[in-house]
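This document opens with one chain alone, in structure tokens, the form predicted on its own.
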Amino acid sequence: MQTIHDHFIQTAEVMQGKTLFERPGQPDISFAQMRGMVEALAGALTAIGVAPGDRVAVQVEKSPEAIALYLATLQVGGIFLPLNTAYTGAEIDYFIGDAAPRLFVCDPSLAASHAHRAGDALAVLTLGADGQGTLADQARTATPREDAHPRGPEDRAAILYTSGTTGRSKGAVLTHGNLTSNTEALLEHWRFDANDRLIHALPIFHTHGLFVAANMALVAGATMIFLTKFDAEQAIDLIARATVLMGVPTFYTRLLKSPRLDREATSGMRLFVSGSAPLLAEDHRAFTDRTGQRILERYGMTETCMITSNPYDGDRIAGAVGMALPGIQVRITDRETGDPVAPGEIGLIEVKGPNVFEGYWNMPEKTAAEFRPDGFFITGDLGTIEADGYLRIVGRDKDLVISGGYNVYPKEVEEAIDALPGVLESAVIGLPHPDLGEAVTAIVVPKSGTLDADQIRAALSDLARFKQPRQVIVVDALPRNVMGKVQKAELRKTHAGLYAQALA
């Protein structure tokens, strides 16, 4: 098996002067230049004392040098640990204490606040968005390293910490086999190759931006139009010379707000991918109406990289996330018994394959609890596989509302609300209720102006009584994380006392 680093070196040998990073307003970076950056950083890591198996924790702004640091870490046999740039000092304390990295790399602006962490066991260096910093300084003076520490499919490549919305954050350990197998499957399934020009506007501390988008370009020999953030008008300008956009639903919502989005503007594009959060069916249909292109939705998670995808050829169904990628098995099981359910029934989504992570860092009990005896990983997502073979996500198991003893799947209620006139989107949650245990509650965002909560409730009379929201709360926007996922845990916390107050 070749690692992602092996694949990159092989590709760079062939591509040489071809542009890898195209950066608006800045010089392009070729595959050969990137290889030089990687080998220089690998030399610096070796000089610092990063040994095979050591963790390299990184909290830096998006840059080609940050991608080079990722590859250099793989080259020396280290374990790459990207951290969200929004994490605070207290959160960083937890990650460093838990992962015990050999090196922590931060933005130069934060050097003073992290200086106290440095010691014999931990080196603290900096790397800025402009590629400068103390790590870059060391890379310039270190002897470049050309050889790679041999790594096999079972060796650890990265640790990604989950968001920690339901307890302390867990470090998902991904192996070289996980990363390589998933990249190879996606290259084949999405027909991604060296002719592609990818608009890369995602963060690189997350699976989608790093282990999907960047890995695919690095291995295939494609060019990344590398953006530090997503701007819809800039994206429309760039689409004229791109072939692929990988984004989150927010990207498409913003693109649809531009009158410039039409068939002519997107005529050269061959693929629009959406993931990391559910795409509104309305946006899916509107995008097709405006451009003639159907967005390809896929499904993955931190612990598994990508699991399923709508087909490249064939129906891309709004609200569905397609079928299992090559080499991956997906099944739906009963929440209580763990037994497989009949087609069309809702249950827990479980997955098995070379993409599935090794386990949670320093959490053997949690790891054991999340795997079935036959090796299937329990994703914690609820879904159904209909007769057409497509997987549809119903929601997170932890978001299931049990009201008066009845199971209420938020997705069903949300779809009914979202279809109402004047509704932009909604989030359905369960809140503590003294009589029902949990009460179905809808948080609704209007397209514009205001909405009448009582009218919304009245319009849902076709739903079974136990599914109908006890309360409808109209808000300006739903809280989301950086990848666009609605933070239902935050909504439950914000409105936790709603029914206690109502009954007081």
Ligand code: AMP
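Since the structure is predicted, the reported quantities are computational estimates derived from the model, not experimental observations. Note that residue numbering follows the sequence shown and begins at 1. We call the rigid core whatever largest set of C-alpha positions still superposes within 1.5 Å between the two forms.
Not on display, but discussed next: the form predicted together with this ligand.
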item	value
In the model of the complex, residue 275 touching this ligand (heavy atom, 4.5 Å)	yes
Exercise: residue 162 in contact with this ligand in the model of the complex, heavy atom 4.5 Å	yes
Contact of residue 414 with this ligand in the model of the complex (heavy atom, 4.5 Å)	no
Interface membership of residue 329, this ligand in the model of the complex, 4.5 Å heavy atom rule	no
Location of this ligand contact in the model of the complex, chosen stretch of 388-396, 261-269, 116-124, 331-339 [non-hydrogen atom, 4.5 Å]	388-396
298, 302 and 321 each touching this ligand in the model of the complex (heavy atom, 4.5 Å)	yes
Interface residue in the model of the complex among 358, 381, 107, 196, criterion: non-hydrogen atom within 4.5 angstroms of this ligand	381
Sole residue of 407, 132, 288, 234 within 4.5 Å of this ligand in the model of the complex, by heavy atom	407
Core-aligned C-alpha movement of residue 115 between the shown form and the other one, 2 Å or more	no
Residue 373: Cα shift of 2 Å or greater between the shown form and the other one (core-aligned)	no
Pair residue 345/residue 402, Cα separation in the model of the complex versus the displayed form, closer or farther by 3 angstroms or more	farther
Outcome for the Cα pair residue 404, residue 337 in the model of the complex, compared with this form (closer or farther; change of 3 Å or more)	farther
